[in-house]
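Next comes just one chain, in C-alpha cells: the form predicted alone.
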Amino acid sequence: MKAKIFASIAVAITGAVLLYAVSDFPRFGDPRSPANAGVEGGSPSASLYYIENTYRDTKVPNLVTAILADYRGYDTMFETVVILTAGMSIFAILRVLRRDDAPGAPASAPDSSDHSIDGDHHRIIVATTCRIAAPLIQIFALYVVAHGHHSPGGGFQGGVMLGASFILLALSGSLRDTLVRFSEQQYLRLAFIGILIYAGFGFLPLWVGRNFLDYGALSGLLMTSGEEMARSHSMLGVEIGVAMTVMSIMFAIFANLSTRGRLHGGL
C-alpha cells in the first residue's frame, strides 16, 4: 500500500513539473518561435535550412527521411535502440524458458485442434487468403523501405508492415506455424543485426577521421560520384537496419504477449 502511495505522489509531482514546463513552450505554429524564425542575431531557423538545403546536401527528395536518418541520425538510432530495449524487456519479464521450448529447441507436437477444420470451414478461407496476402504485404513493405528516402515511407513504416504480415499469419492460422517460418532465434538475431547495421554506418566514418554518422565520408567505399550521393545511399542502409529491428521486435512482442511468454497456443 505504501509503495502505491509513493508511486502516486511521484507521478503527480512529475506531471506537475511537465505541465509547468509546457508554459515555456512557444505557441503552436508561432512563426516567431526559434524553430521557425531562428535566434535573433544568431543562426537561421532549422526548418528553413532543411527546406532550402536538404536536396543539395543529401540528394534525397524526401525531406522527412533526410532529417530523420541524416540530420537527426543520433536521435533516430537511439529511437531504434529504445524499440529493441522495449522488446527485450518484455522478453525478460514474460518469456518462460523450459528445456523443450528454449530458442533453437525442437517444438513440441501441436494439439490436434491446431489443424482441425471440422465445423470451422471459414478458417480455411481466412487462412488461405492471409497466406496469399502476406507475401504481397511483404513485397510492398520492402518497396516502402527501399523508396523511403525518395517517397513517403522508410524503415519504421516498412518494418511495421513486415512485422504485421507475420502477425497476420499467426492470427489467421497458428503461432506455431508462423514460428516455423520466423523462429524466435531468427527474430532475436535480426533485431540486434538491425542495430549493428545502423551503428556500422556511424562507425565507418570514424575510421577515416570524420564524425560519427557522417555518411559523406563513405563516398569512396560506396563508389559514389560525390559525398551527397554517399549520404543518400547510406540512408538506405540505415533504413534497412531500422526495418529489421522494428519487424523483429514487433513480432516478438506479439508472440510473447499473446502466449504469456510460452510461445504455445496464443490467440
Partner chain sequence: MIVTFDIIILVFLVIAAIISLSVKDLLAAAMVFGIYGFLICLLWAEMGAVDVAFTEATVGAGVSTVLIVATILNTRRKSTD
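Residue numbers count along the first chain shown, from 1. Keep in mind that what you see is a predicted model, and the values were worked out from it rather than measured.
The same protein also has a form predicted in complex with its partner chain, omitted here; what follows describes it.
- Among the residues Cys130, Ile137, Ala146, Val160, the one placing a heavy atom within 4.5 Å of its partner chain in the predicted bound form is Val160.
- The candidate site formed by Asn62, Ile167 and Leu257 is fully in contact with its partner chain in the predicted bound form, as each residue has a non-hydrogen atom within 4.5 angstroms of it.
- The gap between the Cα atoms of Phe28 and Gly73 is larger in the predicted bound form, by no less than 3 Å, than in this form.
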